[in-house]
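Below you'll find only one chain, the form predicted alone, shown as structure tokens.
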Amino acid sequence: MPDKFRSQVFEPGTRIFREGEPGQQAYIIERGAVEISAYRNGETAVVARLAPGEIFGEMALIDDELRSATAVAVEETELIVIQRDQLMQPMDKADPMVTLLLRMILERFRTTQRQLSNGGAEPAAELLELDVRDGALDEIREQAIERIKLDQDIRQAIDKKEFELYYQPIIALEGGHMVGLEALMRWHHEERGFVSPVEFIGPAEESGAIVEMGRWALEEALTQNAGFQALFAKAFPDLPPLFMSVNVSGRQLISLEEIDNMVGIIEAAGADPATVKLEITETLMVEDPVHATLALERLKGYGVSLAIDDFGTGYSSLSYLHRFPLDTLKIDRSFVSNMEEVAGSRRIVRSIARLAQDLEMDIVAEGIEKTEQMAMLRDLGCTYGQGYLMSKPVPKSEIDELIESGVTW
């Protein structure tokens, strides 16, 4: 049991909480037994007798109402205590529709309780109308409706081809020439205008739409990279062809069949797998390392390169580096942006660079905005970099112009 949960022991006959009290904790019975009773129509009635593994007291914790019943330990009972903030924090992050449904179920249950306590004198419909006319519930309902609309808009955007790829150059810190591009999805909604990826990538992940979006992004990026490579070969005939870096969702890696679809897209595009770099985050690797090993080895076996994105900002990053067939570490911009002023950030970048060198991996430093940062990263042993100093993400036409100009940084 995590340290954040604590246990509490109650002697037989001890009241755990009383009906009508505010509720700040819920409980899971680890051992013993608890009797739940409620005062109705002038009498106290036993509602339930709970055994180990059962939870109680959760309703007051969720809706901040007073306790609707009394809980008493029938025998010596050990309870795991759940504090309100431990429950509310994950609820705040939950899908608004799930939260709305949960709150509506509780509201209707509370309505039934009040009706029974009043002897059924008030009509249920009238009580329900009063109960749901609540500011907090209105806000949750509005969030849920907005989320449903967003999910619908994302699906329509896929059908209407409203998504577009922008590209950000990745350069060699030694030499300053372009070595590759990262494809980044953008959305120009017909009514909303530009929608930030922060607003739609997460919901698309949760709904599963990201899988179809990811297929399209991979196909589009590789198709356009053929044109970029042709221009690059003319402008820089002595340099290797540009690689294309494409973000891959953990959702796309859950199914081995979807991995085969990705391989099929690469083959259909006629792309050299050696010039395809797939960027992944560490969530899948942490949550299901066995499946992640199978998925990544399958991709690696086809000849593509694998990069771990935003390295150093997530989970136990060092613990999985030796387990998976990764080629590139991408250092998060949060370390790069303040490495001039913050010694700790410099030390982290230096440590990541040394680690990558020992593991024979490339490094891409993200978020470079100053020439001083570029020089410092080069001195620390970073291989590649990207950031606004070179170029912000731009449409295909502007990448064509950059390549044809023969620019270096």
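Quick caveat: nothing in here was measured; it's all calculated off a predicted structure. Position 1 is the first residue in the sequence shown; the rest follow in order.
In what follows, reference is made to the form predicted together with a small molecule, a form of this protein that is not presented.
Student: Would you mind picking the one in R333, H177, H291, R298 that has a heavy atom within 4.5 Å of the small molecule in the model of the complex?
Tutor: So the residue touching the small molecule in the model of the complex, by this definition, is R333.
Student: Tell me, which of D310, E162, E78, D151 has a heavy atom within 4.5 angstroms of the small molecule in the model of the complex?
Tutor: The residue in contact is D310.
Student: Wondering, does P197 line up within 4.5 Å of the small molecule in the model of the complex on heavy atoms?
Tutor: Yes, P197 sits close enough to the small molecule in the model of the complex that at least one of its heavy atoms falls within 4.5 Å.
Student: My question is simply whether I368 lines the interface with the small molecule in the model of the complex - judged by any non-hydrogen atom within 4.5 Å.
Tutor: Close contact exists here: in the model of the complex, I368 approaches the small molecule to within 4.5 Å, heavy atoms only.
Student: Would S249 show up as a contact with the small molecule in the model of the complex if we use heavy atoms at 4.5 Å?
Tutor: S249 belongs to the contact set for the small molecule.
Student: Give a yes/no on whether L173 approaches the small molecule to within 4.5 Å in the model of the complex, heavy atoms considered.
Tutor: L173: no, not in contact with the small molecule in the model of the complex.
Student: Are all three residues E58, R67 and V72 in contact with the small molecule in the model of the complex, where contact means a non-hydrogen atom within 4.5 Å?
Tutor: No, none of the three is in contact.
Student: Have a look at 154-162, 302-310, 320-328, 267-275 and name the one stretch with heavy atoms inside 4.5 Å of the small molecule in the model of the complex.
Tutor: Result for this chain: 302-310.
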